[in-house]
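Encoded as structure tokens, the following chain is the form predicted alone, with no partner shown.
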């Protein structure tokens, strides 16, 4: 392939009876964006069409239920269980085909992991499950308690009825014009439930021996072939290793691969995990790039049909390498396509620095969407689910805009505003842009966050926004601007208790300060990180506290955590929390390799710090007002709170000012980036502060204020 640094990545490949123009595959992801009845809408079409425009060769649309009545993996998944859905599905296929992509839909019944309905769920076996990392987790009300989800075993008649529905789903997709259909046999969903010796405890023709456990999926394959003919390609996605005692290992997955090839499967889409262990299933940011590639490499040795690998693929250099080495036939990107649907085009053009790499945060695409029954979003790509940001029109009136604070929210405001033609000046009190996101740099396993900070910094430089570092502007410096956006973030909370100002008390910002001078953005005057002793108490319950604990724990320190909450990090995305808690206990996430904590982390819930003494004795008090003491070398403050004093003073002086990010409300990266994007888009003619002190523009015709 000429004119690209990645010849293997852009080599065509044949799957079944169709050719794909490159080796890039959008592996299926449930975007939970269809209509309530499972029909296709503009959100679903736009999401997949942009990926086709972006140069992805083979797009597999995720998680389409063959039976809404008994199981939806998310509340707004695609449905393929009725003929009237075919026209909408055809529009979806056409949207991808017109940009040169080939496409399939993954048919998935969630079984025990259904998000809807919540009760009377079906599976291969009776069971009670607790899968908090799944979109089909048990709903626990504010005053309720977890009991587990009760699941009932399907009888043989129900099994054959569902097989027929899978067959009908395949036929509908063929009628709609898709090139292929994929069966979801991974992650503990229905087909996986039958395939798994761990889940499937049946003693009839659908359980027990290896071939009996495969009978359900083999019957589905035969039914689809009967309805669609032998030339309609069928793929299957399954977990090569499920990473739980008693579940599938790679040896059996090789056996499955051979059986699938013999049964006429056209390609294998190799994944990992079961939702009892969400780490390898959803691979949060702890997992290194391509950590699961070895499974596809082994399976590929035993079959002739194409094999797709996935899980944390981000860099086209790495993707090119594993293709060149013959470890896989295609590279599967899912969340990376959410973060940047134009990955393929940018890679082919050799502009890898332009790729907005997914940071594996699982916030927009999981925690704050599918997990709580909302449409999918993305923490770093505001265009996902919000088409206003796809084709951003120039502002009708251009402004001089001041952005105070160069963190992710401030930089996103500047990026969007500059793209619309505004003149933007960023005021940053430190010597570099990046803000709180840079605290990740010193935390083992969290440095993917830096990818986004660097991407934003490159965009700001490319767009020629003015940046003034090492300055905290006064009101007089801002009065000449048409709009002022305060993005200064939250400050470290310093409760008024005895000893709070002692030298042994430091903030999480002090501990997490980056010290790598290999960074092109590293300022010359940057302070060194605080050095702590061997025993540390972290007081707080926020991102800074969690990152501090992990940094110090990885360094071999003994860490105590004091939180006023019932447990530490209730706010954290559950797949990250699962791995973090295992690290606290001197273990690791399943599938992860490397050093573990030398000492366990001790979490002290429902407790606060009462006094800190010079000798390092810390008096703590629990919710029953019982006092106890700990002897430590340092106390690290891990709470944050907004400070609105400067904002209020600007309002009083008549400045058109608004707050975004943690200054507005302490949240997370997605909150800051979304705020920034929305403000950048709002700046236009008739700019004013409304009665809520919010910046608005473009009032309806005839409205004069």
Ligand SMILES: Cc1cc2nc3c(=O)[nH]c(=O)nc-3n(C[C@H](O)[C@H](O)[C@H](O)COP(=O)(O)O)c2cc1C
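Numbering follows the first chain given and starts at 1. The structure displayed is predicted, hence computed values, not measured ones.
The same protein also exists as the form predicted together with this ligand; that form is not shown, yet it is the one meant from here on.
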TODO: Mark residue 46 yes when one of its heavy atoms lies within 4.5 Å of a heavy atom of this ligand in the model of the complex, and no otherwise.
DONE: no
- [ ] Report yes if any heavy atom of residue 28 sits within 4.5 Å of a heavy atom of this ligand in the model of the complex; otherwise report no.
- [x] yes
Open item on the list: My question is simply whether residue 638 lines the interface with this ligand in the model of the complex - judged by any non-hydrogen atom within 4.5 Å.
Closed with: no
Open item on the list: Just checking whether residue 237 would be counted as a contact of this ligand in the model of the complex - the rule being heavy atoms within 4.5 angstroms.
Closed with: yes
Task: Stretch from 33-41, 665-673, 650-658, 60-68 whose residues place a heavy atom within 4.5 Å of this ligand in the model of the complex - done: 60-68
- [ ] Please pick, from 312, 295, 456, 488, the one residue with any non-hydrogen atom lying within 4.5 angstroms of this ligand in the model of the complex.
- [x] 312
TODO: Find the only residue in 213, 112, 415, 335 having a heavy atom within 4.5 Å of this ligand in the model of the complex.
DONE: 335
Task: Sequence-ordered residues of 103-142 touching this ligand in the model of the complex, heavy atom within 4.5 Å - done: 106
